[in-house]
Structures are given as structure tokens and as C-alpha cells.
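Here we start with a single chain on its own, the form predicted on its own, put down as C-alpha cells.
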Amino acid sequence: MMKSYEELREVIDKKNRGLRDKVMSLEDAIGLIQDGDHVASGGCHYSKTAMAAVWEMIRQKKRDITYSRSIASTEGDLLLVAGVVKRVVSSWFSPGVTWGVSRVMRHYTQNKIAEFEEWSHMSLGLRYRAGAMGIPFIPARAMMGSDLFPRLSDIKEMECPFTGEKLALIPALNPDVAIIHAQRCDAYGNVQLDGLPFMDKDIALAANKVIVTTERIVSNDQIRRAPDRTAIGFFCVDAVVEVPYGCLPHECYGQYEPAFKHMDYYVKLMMGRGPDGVKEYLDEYVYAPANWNEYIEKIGFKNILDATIEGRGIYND
């Protein structure tokens, strides 16, 4: 049963906001996710996806998860086929623009195996923003007049008390858990992000629990040298996990580009054979490796080196 808005806010208000060391293993961090939770992921499409967290969710056999993200990519395929996710809330679902809409999403949606709840990109961002602000909804014009509007039972209309015009009431979204990947973070959970911010900050502020995977854990002194770069404060965060290359085969701005050869290999499996192709990929790249480092080794040193050189090229401009 869905919690009331007041209950959701009460959970957040009771969080331990003390300054404490939150570093833990990937296994222990993902252990904070319970079956049936709503898990929201930061990043967008194949940028800054918390892939290590998704990988571990699958290995821990989480079930009945609702998964939300601004644009779902290949991680959505893996979560559906592995049986982790039953409902996806997003604005689009595709491995990438050049590859088209996910065949797995079509299969699971058309055969009513799982639910795909589609919002516009703006409206989904407003939902996280309302959750972050601690308000039950945000008035907007988003989606009004579109075919999405009448298909969403959660959305309401109102007459503006100032102008008399009709407005859409976009309901707040307060996930049980947020998984965010960052370029750097200190042990307390002060998160600094480079590149496009996406919806990460609002997702973190709206969620009851926040798990941060990071390319590297840095000292609090380093964080304090550039406090304006801190996008998510320690008071939001429940777990910090150092996972180098934690987005692969997706990209992490300033660190590495996508491992496109590996992505091509995956998409050929997925688009060619649908769920059966994804099952083959899961067996080889998720279930077979003993740990995340072994998964990275399977991606291939040359692929990773090429992605790293391309990703760090922004510093040469």
C-alpha cells in the first residue's frame, strides 16, 4: 500500500543527519534496498548511470521494484529481464538514440509482463522537484493537450486562482531509495558532480534513502576547497561506495566515454534476440563475475582505455 504524503515526509524528517562516516561495501549499500521499494536513479540515458548499483541489485535478486529515471537505458533491460523490476516510470526507454526503442521494453509492455508509466521529461523532473521541495504537487502546463495526460491517473487539473486558466497538477515523487553516481564524494556523503546535473540533486532530496557510488572518495578538506561544487549535502546521504568505472559500459563525464564497442555488442544481443539475448548477457557479465572488478575485466582493457582517453579529452581543450 502506498504511503501517504505525510508519512513519506515523516520518514525523511526522522533521518539521522549527523556528520558520520558512511563508507561501506557495494553489497552492504544495496542491502539497504528492500523488495517492493521505489528506486530512482540519477543520470540520464547512458550518462552517469549507477550501473554498479544496478548490477548488484540484480545479483541480490531484489524483487517487485519500481524503477524511475529521466530516460531509462540498457540498465532498464537488465532489471526487467532479471525479474527485479515490475514497473518502470520514465520519459523514454532506449539503449540510445542511434539504436531506437528497446525491444525488451516493447516485449514486457505489450505482453503485460511489466508496466511502463510514461511521463514527459519536464513533468518527471517536476515530480522529483516537488518531492525535493517537500510539497505534494507543482502546478504546470506540462503535458496538457497531449495524449499522455488522460492516461495518467495521478495527474489532476485546477483553475488558476489568479488567471482562471487551467493548469496541470504534477504530483510529487518521493522514492524510497535514490542511487546516484558521482565523480567524487567524501566519506560523509558530500557529493560533487561535474557536467550536466540532470535530476540528481532533486532525486536525492526527495528520496528516503540515498546511496552514492563514486569514482573516488576524497577528503573533506578537498570538498571544502570548492564548496560551490557540492551538489548533494551529507545530510541526504546514507551510504557511500567507492566504485571506479561504476557507470561502465555507460559514461561518466570527465572520466570516461561509453564503451561503445561493448554497447554495440549488447544491443545486437538485445535487439536481435530480445529477452533471450539479455539473459545471455546477464549470465556472462552479471552472474558469472565474482565481483565488480571481474566485471570490469570482462569489458576489456583496450575498451576501457579508449573510453578513458576519450572521456578525459575535455581537459585538453
Partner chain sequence: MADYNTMELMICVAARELEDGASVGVGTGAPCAAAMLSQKTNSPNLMIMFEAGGAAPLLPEMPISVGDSRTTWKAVMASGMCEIMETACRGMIDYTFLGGAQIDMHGNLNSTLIGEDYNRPKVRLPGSGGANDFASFCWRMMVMTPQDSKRFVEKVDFITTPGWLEGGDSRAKSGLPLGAGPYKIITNMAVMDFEPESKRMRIISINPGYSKKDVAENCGFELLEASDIKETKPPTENELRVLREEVDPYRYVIGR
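Worth saying up front: this structure is predicted, and the values here are computed from it rather than measured. Positions refer to the first chain, counted from 1.
Below, we refer to the form predicted in complex with the partner chain, which is not included among the displayed structures.
Checklist entry - Out of 26 to 34, 270 to 278, 58 to 66, 253 to 261, where are the residues with a heavy atom within 4.5 Å of the partner chain in the model of the complex? => result After filtering at 4.5 Å, what remains is 253 to 261.
Checklist entry - Taking heavy atoms only, is residue 111 within 4.5 angstroms of the partner chain in the model of the complex? => result Yes, residue 111 lies within 4.5 Å of the partner chain in the model of the complex.
Item to check | Contact of residue 231 with the partner chain in the model of the complex (heavy atom, 4.5 Å) | outcome: Contact check for residue 231: no, nothing within 4.5 Å of the partner chain in the model of the complex.
Item to check | 4.5 Å heavy atom contact, residue 195 to the partner chain in the model of the complex | outcome: Because a heavy atom of residue 195 falls inside 4.5 Å of the partner chain in the model of the complex, the answer is yes.
Item to check | Contact test in the model of the complex: residue 188 vs the partner chain, heavy atoms, 4.5 Å | outcome: Output for residue 188 is no: heavy atoms all beyond 4.5 Å of the partner chain.
Checklist entry - Tell me, which of 224, 216, 166, 156 has a heavy atom within 4.5 angstroms of the partner chain in the model of the complex? => result The residue in contact is 166.
Item to check | Listed residue (82, 247, 126, 182) with a non-hydrogen atom within 4.5 angstroms of the partner chain in the model of the complex | outcome: Only one listed residue qualifies here, and that residue is 126.
Checklist entry - Out of 137 to 151, which residues reach within 4.5 Å of the partner chain in the model of the complex, heavy atoms considered? => result If the 4.5 Å heavy-atom criterion is applied to the partner chain in the model of the complex, 137 to 151 yields 141, 142, 143, 144, 145, 146, 147, 148, 151.
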